[in-house]
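The form predicted alone is given below as one chain in structure tokens.
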């Protein structure tokens, strides 16, 4: 009986293991089906939302088969656009596809004078378009297929290892050889020393001359399921505005650079994408991958006035009322600098701090 009991117990345990494996496989297949359905729904939304866009300047005939494309949604960014375009032209962007939403400050007129920009305008709700993602998804379906595409806001300046001497074409060739179809980048909030709204020496030709400081170490990292995307929070906004509720602080991980396919879609801004393999360009188990940083130039002196406007517009958060305290704090003209703030030097400094990785790209 002892022998039979031992055999029975062994089969029972093995049966439980196999049932567990089958259960996990079933859940995995269900999740994959749900994510595929979600991606198709986003693509369908984008096709419908195309009707909200009106072409203001179409220069897409200039796009060639190997062109690197930049996609952005803007609203009243005339102060940032000159440096934004200059920065990405130096990196090697060949053409800019920009949606201007309710711009009243001359941004559209300025962009119409540029030789490498195509512009669409809309007065429809930014929030109802998934914060501009639906509009850009349509343009990526139309023009981004098989191109390396860079999706960034006007206040985000991408840097990566060796960016001073190696253009995006060199980076994308490296990514192609490495089998990577996307590049992870952490958004690094840059800020001045002193109250934000009193920075009289702000140089709009290069906002980083004023926004020279950042937080180096107060970040949390996790992998989210089921999309397996990296999730980063922290920095000056978390410690200054969300200290009592850090889970509501802004998300800092992004996937700005993607070898696009018309079946791809961003899920939540550029924080995550589908299919989910696009989210897994971070290193795991000692497999170091190249990554970048988006220098976030949000905290120019104009942020005080813009915060007053955005609090009334309620277009930037799903539950806008929950962020009234955040806008109120910005309106009060805060000083984000502390004795632990670090002055920005170069990408090598960020690599030493663990905020960027060259991933073997020597």
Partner chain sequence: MTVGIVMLVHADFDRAAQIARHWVDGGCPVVIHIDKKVSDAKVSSFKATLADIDEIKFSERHKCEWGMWGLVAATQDASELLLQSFPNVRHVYLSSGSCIPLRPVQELVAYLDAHADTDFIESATIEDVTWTVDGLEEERFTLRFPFSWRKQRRLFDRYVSLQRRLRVKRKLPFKMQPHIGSQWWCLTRETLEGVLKDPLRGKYDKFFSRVWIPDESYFQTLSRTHSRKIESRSLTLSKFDFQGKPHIFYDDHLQLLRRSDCFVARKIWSGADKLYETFLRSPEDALTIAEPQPEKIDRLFSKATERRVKGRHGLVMQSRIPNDMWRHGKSCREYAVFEGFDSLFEDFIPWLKRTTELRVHGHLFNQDIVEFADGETMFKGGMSNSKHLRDYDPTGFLRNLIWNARDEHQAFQFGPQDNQSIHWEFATDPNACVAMITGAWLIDGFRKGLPFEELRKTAAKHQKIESTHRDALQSGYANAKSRIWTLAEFLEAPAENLSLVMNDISPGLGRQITEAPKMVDLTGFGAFVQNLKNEGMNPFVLGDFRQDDGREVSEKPARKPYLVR
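Quick caveat, the model's predicted, so the values are computed rather than measured. Positions refer to the first chain, counted from 1.
The same protein also exists as the form predicted together with its partner chain; that form is not shown, yet it is the one meant from here on.
Q: Using 4.5 Å between non-hydrogen atoms, is residue 269 touching its partner chain in the predicted bound form?
A: Close contact is absent here: in the predicted bound form, residue 269 is far from its partner chain, nothing within 4.5 Å, heavy atoms only.
Q: Using heavy atoms and a 4.5 Å limit, would one call residue 126 a contact residue for its partner chain in the predicted bound form?
A: Close contact is absent here: in the predicted bound form, residue 126 is far from its partner chain, nothing within 4.5 Å, heavy atoms only.
Q: Is residue 170 close enough to its partner chain in the predicted bound form to count, meaning some heavy atom within 4.5 Å?
A: Residue 170 belongs to the contact set for its partner chain.
Q: Given that the partner is absent here, does residue 143 sit within 4.5 Å of its partner chain in the predicted bound form, heavy atoms only?
A: No, no contact at 4.5 Å.
Q: With the distance limit set at 4.5 angstroms and only heavy atoms considered, check whether 82, 90 and 104 all reach its partner chain in the predicted bound form.
A: Not a single residue of the candidate spot has a heavy atom within 4.5 Å of its partner chain in the predicted bound form.
Q: Of 230-238, 259-267, 134-142, 111-119, which is the one stretch near its partner chain in the predicted bound form, taking non-hydrogen atoms within 4.5 angstroms as near?
A: Partner-contacting stretch among the options: 230-238.
Q: Sort through 152, 190, 97, 185 and report the residue having a heavy atom within 4.5 Å of its partner chain in the predicted bound form.
A: Going through each option in turn, the one that passes is 185.
Q: Mind listing which residues of 328-362 have a heavy atom within 4.5 Å of its partner chain in the predicted bound form?
A: Sequence-ordered list: 338, 339, 340, 351, 352, 353, 354, 355, 356, 357, 359, 360, 361, 362.
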